[in-house]
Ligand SMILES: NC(=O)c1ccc[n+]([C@@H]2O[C@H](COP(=O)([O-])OP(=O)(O)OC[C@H]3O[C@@H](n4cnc5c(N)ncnc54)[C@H](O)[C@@H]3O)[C@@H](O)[C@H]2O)c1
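Let's start with one chain on its own, the form predicted alone, as structure tokens.
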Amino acid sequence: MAYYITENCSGCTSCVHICPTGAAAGEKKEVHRIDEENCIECGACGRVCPDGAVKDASGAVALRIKRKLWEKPFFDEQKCNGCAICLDVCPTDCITLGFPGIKDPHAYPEVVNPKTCIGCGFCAEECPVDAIEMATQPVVEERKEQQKVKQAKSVGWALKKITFRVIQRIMKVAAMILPFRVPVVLTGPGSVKTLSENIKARGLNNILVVTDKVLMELNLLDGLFTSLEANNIKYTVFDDVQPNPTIENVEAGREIYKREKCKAIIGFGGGSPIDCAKIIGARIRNPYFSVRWMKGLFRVLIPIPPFFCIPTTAGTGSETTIAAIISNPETHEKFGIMDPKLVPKIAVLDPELMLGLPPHITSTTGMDALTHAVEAYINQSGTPYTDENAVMATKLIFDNLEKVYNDGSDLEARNNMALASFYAGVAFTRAYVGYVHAIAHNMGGLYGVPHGLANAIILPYVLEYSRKEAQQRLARLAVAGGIGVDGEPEEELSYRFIEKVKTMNKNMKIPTYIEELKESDIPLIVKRAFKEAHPLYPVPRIMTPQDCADLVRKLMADF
């Protein structure tokens, strides 16, 4: 016999809202009913009923229990064999195993959203290997923490971490040997006009200018166009680059380059046009390799055409890096192509081009540059050269970012931020980035969150996770940034640095969460973040999958 409702019902509809099968029905202020054929006897209706009007099959009144005291499943990863029976019997689809909706025998089950779990216990009852135990939420959280500790100490995970570190040491040595070229830098107000003379001196006379429609509408390229025309340099504009450039953008730009028989490329704008321009160049000289094939390190086999770039934001550092980020709209994935052949020949740092940046772009791109500098500095592949650049970038950002956020017309502060972005780019192109970027790229790929904004939000959480391991280096950055002095306790300085980052975000109205983030996407985000970060990113502290999932969950609006 199913659960049933007595005449004591006040018609509050609590049972209707909680019932996973729709067995409970009725309008407000009337006695409700339960359809015996659809009732699965999960007991959720009784636990929410404020009137004690629900009875079970034996006739006993089901006790009301506060939601926070409901029992939830704890999944023992040591016992779980990935059979996915728990997914099949869950009436609310609150359990995932790997990708949402996909049974992955190599993954472990977890509750997608604790709010949807009704604590029915069906998963525990039907588990053939007794890998699921029902317990109150505090007990579940405690068991999860114990499980994380076991996972971190397991032999398999220890071997993985050793492998990662060995590969990172090899890449550090390689970075010291490989000829990472630094572009010629033209700086100062009006420097954009001198680029044409340099291009003319190289004998180039047909240029593809890669930009976006917003910059065209703002007439920011007029000075460049005037100087190109004055030097009798022909040019063609490709302005269809999206905020998160796609493979389709690259192919469209490549077709225009070929059609117009161009001989060189100028990337003009933020990181999106510059990255798009880099990959257009890679496809032009490597026509038999797709953008997807070039994903990762050193897969641009033939050098790109002469490439020049003019950043209009102080953040990405793309004007000096070996990296370019692209989106695959089919899979909603962002990935990087990294090769020294992508470094431009000339980078123009003209602060006048940044005067019109709105405050929210100024803040997020500036925090993007800070993320580059900090991750490069606290990583384990730094050298005296990268450390010097990271420290200079951090100091300039601390001294100038909030200043230029509050007064966008401050030309000196704009110039300093352009230099900071460049220095941070030099640092991370050799010392790499870390988990902030690995997670942030997913926020851009899945939800279209601007990269700088995602980095700014995620940075404090990752720093807190790695604080102990990065304590000494965070303390040095605190001193360099003027928020501490030598001789103060390193622990205190490291905490102070993280608080400074949080304060900057708060002062510039950057939120502490990502509005679009969904609990159901967390397994996919973790998988993609690890695919990017491991084994190459030499982070201070290597995350376990559970560590990463817990950190990403903190980014949710309702955490």
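Bear in mind that the values here come from a model prediction, so they are computed numbers and not experimental data. For every residue, the number given is its place in the sequence shown, counted from 1.
What follows is about the form predicted together with the ligand, which we do not show.
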Query - Shown form pocket vs the ligand in the predicted complex, superposition, backbone/C-beta distance 2.4 Å - result: open
Report task. Work out which of the listed stretches, 142 to 150, 176 to 184, 348 to 356, 394 to 402, brings a heavy atom within 4.5 angstroms of the ligand in the predicted complex. Result -> 348 to 356
Report task. Run the contact test on 172, 343 and 430 with a 4.5 Å heavy atom cut-off to the ligand in the predicted complex and return yes or no. Result -> no
Requested in this report: Give a yes or no for residue 415: in the predicted complex, does one of its heavy atoms lie within 4.5 Å of a heavy atom belonging to the ligand?
Outcome: no
Query raised in the report: Does at least one non-hydrogen atom of residue 451 fall within 4.5 angstroms of the ligand in the predicted complex?
Result: yes
Query raised in the report: residue 266 near the ligand in the predicted complex, any heavy atom under 4.5 Å?
Result: no
Query raised in the report: Can residue 334 be called a contact residue for the ligand in the predicted complex at 4.5 Å between heavy atoms?
Result: yes
Report summary line: With the partner omitted here, the residue among 381, 442, 312, 196 that in the predicted complex has a heavy atom within 4.5 Å of the ligand is 312
Query - Contact residue in the predicted complex, from 201, 167, 230, 214 (heavy atom within 4.5 Å of the ligand) - result: 214
Report task. Just give me the residues of 362 to 390, first to last, that have a heavy atom within 4.5 Å of the ligand in the predicted complex. Result -> 365, 368, 372
